[in-house]
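Listed next as structure tokens is one chain, alone, in the form predicted on its own.
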């Protein structure tokens, strides 16, 4: 099915009285994607990931809601649930100064909140898959926090999927000094071959503190492409953590710009793959001004014929003096057929900087395994202990105790399986 046919069939689900700028935004995005098409391996950033398997999924239609909604991961959270890309219900008990609603609802009721923000981040404008998302998205969530407001309860966004193609478009606007914790949970039912192309844009004003955690548990036959684009102003901080467990073909892409003095970004993640799963983590960190800090720590465990990719680039602009940027990728290979392609990269155009990058890949420590087994610990349990120790250093960087506990449980379940 062509994109035009997809747009026509979903026209009934799009905002009826949307502003002219939204129509222009969609049309321009559709034109960009049509001109560029899906990136192939000739494009350097996509050299390790083949998108041909998703070509037939891009415009698959499925408007039926998913079945029963599972319980929330977090107790006492503000929660939104999306079913095959469309919001079901609304959040309640929101504090004053906080808006948490669907993108379609916000566009219908308060389009002025989105004008000047939606699709405007330079980091994501020219990318083909975010452009496709902009052209076809029906819904997503909007979180807008007034200056000085701290949201004490976590915000949980569940994306349930079991078929078709969905294009969630999410926007987080944090005013000066605002604080919040957001968990995006992508969960698949059955073994479906559906397609998700999600975009989350983050704008953090001066002094804002955001914790964003993404848990990807899509169905075994699904394809999951996700892009995070963010801009941080003076003294703002973003902690982002990606846990990738599900999906057949997965790409998690981050474009982060530290645009204000004192801005900080901690981008960490864990990927656990088996079978023939493929997971590509691609990060572009831009130190646009001086006195900014970034840190990346991605670790993975691969079994069977799994394939992982880590592409991390730190760019330091000419006038960005006094910055720190550190990047680390470690992967544990449990099988001779498992494969990791790691490409850490630094582009430093300033001279007063502290930057580092590194990548390692290896097998389980046989000495440590022998030590544990010699003390009566069964081999399976000993192997799990070593894998847990390998991952725990990255999990320890999650500030939220509640979220860290959930992540540790999910990691433990994967290892036990």
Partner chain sequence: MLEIKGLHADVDGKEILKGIDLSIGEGEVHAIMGPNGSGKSTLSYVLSGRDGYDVTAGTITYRGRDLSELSIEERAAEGIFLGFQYPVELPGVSSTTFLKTALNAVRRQRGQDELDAVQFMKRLRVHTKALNISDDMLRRGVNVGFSGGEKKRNEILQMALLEPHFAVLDETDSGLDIDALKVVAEGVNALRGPKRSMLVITHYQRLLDYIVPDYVHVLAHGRIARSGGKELALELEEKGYGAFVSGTEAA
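Just so we're clear, the structure is a prediction, and the values are computed from it rather than from any experiment. Residue numbers count along the first chain shown, from 1.
Absent from the display: the form predicted together with the partner chain. The rest refers to it.
Figure note: of the listed segments 65-73, 363-371, 346-354, 30-38, the one touching the partner chain in the predicted complex, with heavy atoms no more than 4.5 Å away, is 363-371. Put simply, residue 392 is close to the partner chain in the predicted complex: some heavy atom of it is within 4.5 Å. Residue 386 belongs to the set of residues with a heavy atom inside 4.5 Å of the partner chain in the predicted complex. Not displayed here, the partner chain is approached by residue 378 to within 4.5 Å at the level of heavy atoms in the predicted complex.
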